[in-house]
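One chain comes next, on its own, written out as structure tokens in the form predicted on its own.
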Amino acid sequence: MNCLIIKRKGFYTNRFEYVLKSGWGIMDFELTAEQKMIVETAAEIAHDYGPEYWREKDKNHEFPEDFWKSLAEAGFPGIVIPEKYGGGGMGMFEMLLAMETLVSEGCGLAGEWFLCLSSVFGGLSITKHGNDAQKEKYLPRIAKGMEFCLALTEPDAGTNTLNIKTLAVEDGNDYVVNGQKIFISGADRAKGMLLVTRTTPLEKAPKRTLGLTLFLVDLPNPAVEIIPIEKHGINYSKTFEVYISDLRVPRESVLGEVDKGWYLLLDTLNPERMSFSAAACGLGLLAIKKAVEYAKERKVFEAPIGAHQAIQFPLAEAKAKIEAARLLNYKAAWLFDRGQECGAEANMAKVAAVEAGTEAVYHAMQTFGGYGYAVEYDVERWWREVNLIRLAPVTHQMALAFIGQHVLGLPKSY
């Protein structure tokens, strides 16, 4: 992997064996040497930045500067970026290995969150569809840890992406952009933004899927105002309303083709779904692991509570469902990395992962009883985090609608 993923000093091999063989970690079957190094390094980083670290960051609403620096030093932001630009030249499958290991070994949703913002929204999108100049400008910087964000969602459009109103109007060699976005995470720190606009209003487009254009925007910019949104969790990363007023963007900042951005955006949205599926599975594995440890030690009525089937069976069932969701997610990544259609698998994986991960964290909290509600045991934070995945990056209901229409062939339901 061009020596980007490094085995960090102080890491113990027996911990790597535990990650691979215990079933708590990312993979239980044979990986290549480079893939094993990704898992190994991710597990070590997660061990350095465990639940206590994230408990404090979430409480203090503080960005994890040292964690992100460690990811950058290990080469994780560049996993999907070609070696020519300083990346690892690998695929979405390897990115999922890193994400799920980071999450499941102690980082919680943070183990996926920041890599998705920079590596998927920035690195992967530009790798897939950028021209040579755009790749030269952005990819080496992203591989070294430059932060990125995606400006897609709008207050009046919600999940209906084709209904966005942010408009880019051609003006000489530039486009002038005006509009509003919401729920844009990382916009305060990002040095680059993938901005989704309309260049042809929906009512004038020859078909609904035409008229969207993607722009690469450098930040900060005085024409881009950000206002933080107070939220329920993930308080180590800020999320914003974004107001765009007469933003001038040069023509060379168009990613791909004008008016055909929807088709390119799918190569960002499907990997985003895979990333959040990996997070849901990782959170479930992390919560089950902690619940099992507790259930072995905690004795009530003279027996460990883990001996009771009311505790044991829900955790066992959640574990089985998570393993099934993981495999479906790996299939989605395998298809994507080979340039094949993966929308069905990406959406089905998200549905399965959300159900399995939510169920796992719920039953972990029940295993802890009243302690599960206490901040110091971390399960309540994972509960807040896993519930976001039911809402984002696509709602659970819209993923089901996709499956109903495009997999089962049923009439459109919305």
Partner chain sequence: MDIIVCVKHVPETAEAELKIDASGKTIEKTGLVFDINEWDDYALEEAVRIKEKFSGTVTAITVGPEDSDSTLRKCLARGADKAIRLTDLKFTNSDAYATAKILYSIIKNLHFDLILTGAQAGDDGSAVVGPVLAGLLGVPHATMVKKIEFGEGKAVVNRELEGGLEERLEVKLPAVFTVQTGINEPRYVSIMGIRKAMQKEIRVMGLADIGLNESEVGEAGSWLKIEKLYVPPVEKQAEFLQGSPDEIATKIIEILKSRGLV
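What you see is a predicted model, and the numbers here were worked out from it, not measured in a lab. Positions refer to the first chain, counted from 1.
In what follows, reference is made to the form predicted together with the partner chain, a form of this protein that is not presented.
In the predicted complex, the partner chain sits beyond 4.5 Å of every heavy atom of Gly179. The closest heavy atom approach of Asp48 to the partner chain in the predicted complex falls within 4.5 Å. At the 4.5 Å threshold, heavy atoms of Ala33 reach the partner chain in the predicted complex. Under a 4.5 angstroms non-hydrogen atom cutoff, the partner chain in the predicted complex has Gly89 among its neighbouring residues. Only one of the listed residues (Glu323, Glu225, Asp174, Glu83) places a non-hydrogen atom within 4.5 angstroms of the partner chain in the predicted complex, and that residue is Glu83. With the partner omitted from this view, the residue of Leu97, Cys149, Leu286, Ile79 that lies near the partner chain in the predicted complex is Ile79 [heavy atom within 4.5 Å]. Across the options 379-387, 39-47, 342-350, 356-364, residues that bring heavy atoms within 4.5 Å of the partner chain in the predicted complex belong to 39-47.
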